[in-house]
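As a starting point, one isolated chain is supplied in structure tokens, in the form predicted on its own.
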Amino acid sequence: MSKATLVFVLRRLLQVIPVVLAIAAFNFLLLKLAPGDAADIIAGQMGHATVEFTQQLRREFGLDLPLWEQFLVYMTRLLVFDLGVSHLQGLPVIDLILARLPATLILMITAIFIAVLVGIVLGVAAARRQGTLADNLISTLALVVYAIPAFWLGLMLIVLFSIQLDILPSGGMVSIGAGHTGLAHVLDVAWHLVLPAVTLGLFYVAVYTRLMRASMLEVYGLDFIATARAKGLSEGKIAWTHAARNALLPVATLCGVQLGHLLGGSILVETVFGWPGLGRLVFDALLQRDLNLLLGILFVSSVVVVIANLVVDLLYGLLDPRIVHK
């Protein structure tokens, strides 16, 4: 790693810390504005709980403290990465999150890989055939897929591939009772991953297709493309060797920006397909008003998104080395 790259990475890391802390503070204050708390939920589940019992729960959970004091306690614990304990499940928040985080990361990485790969291929194909039937067909299909709600698309894929054709599992992450290990387990997870990853990824294919097409058309107008054509290079070589690399810069930027949106979209997809990731955990925490668990998920999610954006910045530096030296 060169000195310039190292300085670039350190500068980005120093920017990450205040961003993550600011997001954590905003999430805390925002959730505190919502009515109800974990004590109300627990008391409601018991059915016959008294007001005194509810107040006792609030004292045990520290919910009776002034808002500013709760905020200071939360931020202080956060500095040592202490996410607290889930009030309803009685387990450390970090343990609950780490048990679900791998499933969400697998889904997100696979979905973004599908979206970027398919979007780049279709975008280059459309740009090379600008104004033709193929260009119009690709653009129309991309917009149609973008307009379809993710949950409805997921349900339709389940109906087609799980119910009608019976070739893909409709939900879950592994086959129940199969007891696979090693490579068989990996293949089983991959087989269950197909539908949720395709559902989540297809929504973003249209975005990357349109962006790659527009970026390719812009690059086609530059002087070095005219020079490559003057040298007698084939259109395919010009597109994939010379134009595509320069056209990827906006795609890489958008990929980093959309990671947070992708994480939010995974909540619906995980619910539809029963995928045991953070999305399902967020949904349950919201219903149960488990503030510690919800704050922990939001904090870890923000860290994941910020780190992913850092990786995208590094990738951007590889695509355009001038960025590193700025």
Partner chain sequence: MRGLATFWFRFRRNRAAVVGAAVLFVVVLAAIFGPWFYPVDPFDMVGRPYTVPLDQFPLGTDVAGRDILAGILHGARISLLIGLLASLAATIVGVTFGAIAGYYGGRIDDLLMRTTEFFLTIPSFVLAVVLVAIFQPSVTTVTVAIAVVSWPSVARLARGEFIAHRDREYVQGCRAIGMPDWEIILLQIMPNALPPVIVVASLMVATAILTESGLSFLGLSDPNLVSWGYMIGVARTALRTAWWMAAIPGLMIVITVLAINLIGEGLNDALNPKLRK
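Positions refer to the first chain, counted from 1. Note that this is a predicted model, so its numbers are computed, not measured.
Just so it is clear, the following notes concern the form predicted together with its partner chain, a form of the same protein that is not shown.
In the model of the complex, its partner chain sits beyond 4.5 Å of every heavy atom of T241. When its partner chain is considered in the model of the complex, L315 lies well away from it, no heavy atom lying within 4.5 Å. Heavy atoms of A308 never reach within 4.5 Å of its partner chain in the model of the complex, leaving it off the interface. Among heavy atoms of L31, some come within 4.5 Å of its partner chain in the model of the complex.
The candidate spot formed by I94, P102 and N292 lies out of contact with its partner chain in the model of the complex, as no residue has a heavy atom within 4.5 Å of it.
Residues within 4.5 angstroms of its partner chain in the model of the complex, judged by any non-hydrogen atom, belong to 144 to 152 and to none of the other stretches in 144 to 152, 76 to 84, 223 to 231, 115 to 123. Taking L183, M156, L72, L137 one by one, only a single residue has any non-hydrogen atom within 4.5 Å of its partner chain in the model of the complex, and it is M156. In the model of the complex, V282, F283, L286 are the residues of 280 to 294 with at least one heavy atom within 4.5 Å of its partner chain, listed from first to last.
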